[in-house]
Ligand SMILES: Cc1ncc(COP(=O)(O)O)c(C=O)c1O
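The chain below stands alone, shown as structure tokens; this is the form predicted on its own.
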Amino acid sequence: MTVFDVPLSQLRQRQSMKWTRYPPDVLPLWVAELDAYLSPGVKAALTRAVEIGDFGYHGAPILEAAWRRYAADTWGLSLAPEQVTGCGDVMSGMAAIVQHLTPAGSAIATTTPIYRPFRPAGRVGGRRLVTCAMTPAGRLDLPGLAALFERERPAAFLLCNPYNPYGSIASPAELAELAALAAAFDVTVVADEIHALVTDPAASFTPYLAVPGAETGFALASASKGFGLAGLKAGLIIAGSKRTGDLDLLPYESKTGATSHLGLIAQTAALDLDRDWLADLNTEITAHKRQLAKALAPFGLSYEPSPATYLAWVDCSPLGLTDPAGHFRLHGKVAFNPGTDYDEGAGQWIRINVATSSVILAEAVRRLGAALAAA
């Protein structure tokens, strides 16, 4: 049995966003949910919680400690206990940092195309969002960011790494140069690292706080994407070693008070007990990306498998469609994210979630082809 060996008939019984947004005849490969069973350690921990009625308020900081163990074992990143606190989820944690740790009315910078919730997070409390485009290869445009920082003087830069939607990973050299730019222009880097657990086995991820000069930044993390636990709210805010005191400036309701007790239990079990399962998941996702690249080629679509995330960013401009995602949904009954979710100018792009079975992925591409035949 593979990680994604869940039959379509069972997936359609789910009541999550992915499986209820569209009619039952539409195959959903859009929002970042896993078409997988729970990993064994998570299942056992949640089953135990149900058996003993463990549904009270959260207790000890178990997820903070589990993340510190995982970061040390996986990336060699040593974090002190006072650097890590819980939050409801990564994006609410990002918004809390912007709201409470940057001046009202300041500019907040990020890149495009970008995961849609970055935009409201950067505009919270009336702040002004300013952007810099990624390079065509999905890399940080560091000269462009330098020009943006000099021109706009943002209080913070919202970094997505691994990058959603490209699936790229910033290199240690890129992160160190970003940290140097941030220091030169007094910009606080706030790094969303939620996809850090989902990487090609041949790739390597470097946390932002691991590079020289990043001590004044923040990172946000969660095991939710890697283990399919988005419905059990739990995330982490991680302060650079020079910003630990600022965590006290964030309100309780933005930190551990916003977490789900079951989310803390589930993610702790995932990080401590299910690392082999995660390795299998990453191996399968890598294979699915290769499968997708090969399957799209006959339609004139080029996709280079990315080193991280389970999200494929595909340029459909060779097809000559006004609205590729809409066309595939209407004529092929298959749902992908439209590129306009990430940038208004990315209407020719789609984002495909490959965290499903190889059978479902093949059917999605077959439907894409049927939609093109109907064009």
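Please read these numbers as outputs of a predicted model, since none were measured by experiment. Residue numbers run from 1 along the displayed sequence.
Below, we turn to the form predicted together with the ligand, even though it does not appear here.
Stretch 193-201 is the answer when you ask which of 193-201, 70-78, 100-108, 239-247 has residues with heavy atoms within 4.5 Å of the ligand in the predicted bound form. Checked against the ligand in the predicted bound form, the residues Val187, Cys160, Leu175, Leu140 give one hit for a heavy atom within 4.5 Å, which is Cys160. Residue in contact with the ligand in the predicted bound form (any heavy atom within 4.5 Å), chosen from Val90, Leu148, Leu209, Val84: Val90.
In the predicted bound form, the ligand lies within 4.5 Å of some heavy atom of Asn164. Shown alone here, Lys289 lies farther than 4.5 Å from the ligand in the predicted bound form, counting heavy atoms only. The ligand is not drawn, but in the predicted bound form it has a heavy atom within 4.5 Å of Lys233. In the predicted bound form, Leu34 stays away from the ligand, with no heavy atom inside 4.5 Å. Residues Tyr115, Phe118 are the ones in 107-138 with at least one heavy atom within 4.5 Å of the ligand in the predicted bound form, listed in sequence order.
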